[in-house]
Ligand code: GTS
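Here we start with a single chain on its own, the form predicted on its own, put down as C-alpha cells.
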Amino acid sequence: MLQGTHTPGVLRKVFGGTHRNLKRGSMSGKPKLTYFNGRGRMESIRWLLAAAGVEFEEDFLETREQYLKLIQDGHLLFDQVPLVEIDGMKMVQTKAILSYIAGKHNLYGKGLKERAFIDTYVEGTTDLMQMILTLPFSPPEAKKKNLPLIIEKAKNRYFPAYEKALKQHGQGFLVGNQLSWADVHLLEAILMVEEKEPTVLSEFPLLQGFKTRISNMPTIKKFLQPGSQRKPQPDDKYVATVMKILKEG
C-alpha cells in the first residue's frame, strides 16, 4: 500500500472525477478542458481526444479564485476537476467523460462484450496510473519508498496481464480488431512507467511491439511530438500550484 500522500480531500479534487447540461462552453465548438496546466486525471482525456483526432481548447486554473468561482457558479457538480465542456454538456467525472468520448468516436468496441473487456483493461491501467499520479504529492521519504513498489507492481502484476491478453487475443489490439480506448490507455500507462524505469518492458516482447505499433498511429504519433498538448511530468512548481488552488480552510 502506498503511503504518505497529502490530504485525501485535496487529492480527490485533483483526481476526482456525472455530467450535467450547462450554458458555459467554447465558442469554437471544440471541447473545452478546464484543469491545471499539468497531467493529473485530465491527461487521459487529452490522450483519448488526440487519438480520436479531435482538437480541443484548454483553460488552465492558476488561482484559487478561479476554482472557487467555478464552484459558486454551479459548474462543478462535486466541487472537483477535471471539467470538460462538450456537445452542450459540462462533464465533471473522469470516467464518464472518457466513456462518452470513446463511445462517440468509435473507440469503445463493438457490442457489450467488447465494451466489458475494454472497461476491465482500462480499470487496470487506471489503478496503475493512479499510483504514479499521486506520487509527486507525497513527501520525499514516501516517494522513495513507493516508487520501487509501483515498478514492482507494473512488472509483476499489470504488464504480465496485458502481455497475456495480447498473446491470447492475437489481433495486435487488446480488444477486437481495431484501436480502442483500452489501447490508448495502456500506451499512456506504459510511457508513464518508462519515465520512471526505462527498461520496464524488457521482459515483455508483445508489449514492446504494441508500444511501437500504437505509438506510430498518425493521431497518436502527432500527440507524442514536441509542441503538442501532452503535458510533461509534474514538477515541484506544478504540485505547489495545485496545492495552493485546492488548499482548504
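What you are looking at is a predicted structure, and each value in this text was computed from that prediction instead of being measured. The first residue of the shown sequence is 1; numbering continues from there.
If you look for the form predicted in complex with the ligand, you will not find it shown, but the lines that follow are about it.
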Answer with open or blocked: the shown chain lacks the ligand, so superimpose the ligand from its arrangement in the predicted complex and check for 3 or more ligand atoms within 2.4 Å of backbone or C-beta atoms. blocked
With heavy atoms only and a cut-off of 4.5 Å, decide whether S99 touches the ligand in the predicted complex. no
Do Y67 and the ligand share at least one heavy atom pair within 4.5 Å in the predicted complex? yes
Does the 4.5 Å heavy atom contact test between D79 and the ligand in the predicted complex come out positive? yes
Residue-level contact is defined here as any heavy atom of the residue lying within 4.5 Å of the ligand in the predicted complex; does H185 satisfy this criterion? no
Stretch from 88-96, 158-166, 142-150, 102-110 whose residues place a heavy atom within 4.5 Å of the ligand in the predicted complex: 88-96
Check each of F223, F36, F204, F56 and return the one that places a heavy atom within 4.5 angstroms of the ligand in the predicted complex. F36
Joint contact, R46, A50 and A189 to the ligand in the predicted complex, by non-hydrogen atom at 4.5 Å: no
Those residues of 41-59 with a non-hydrogen atom no more than 4.5 Å from the ligand in the predicted complex are R41
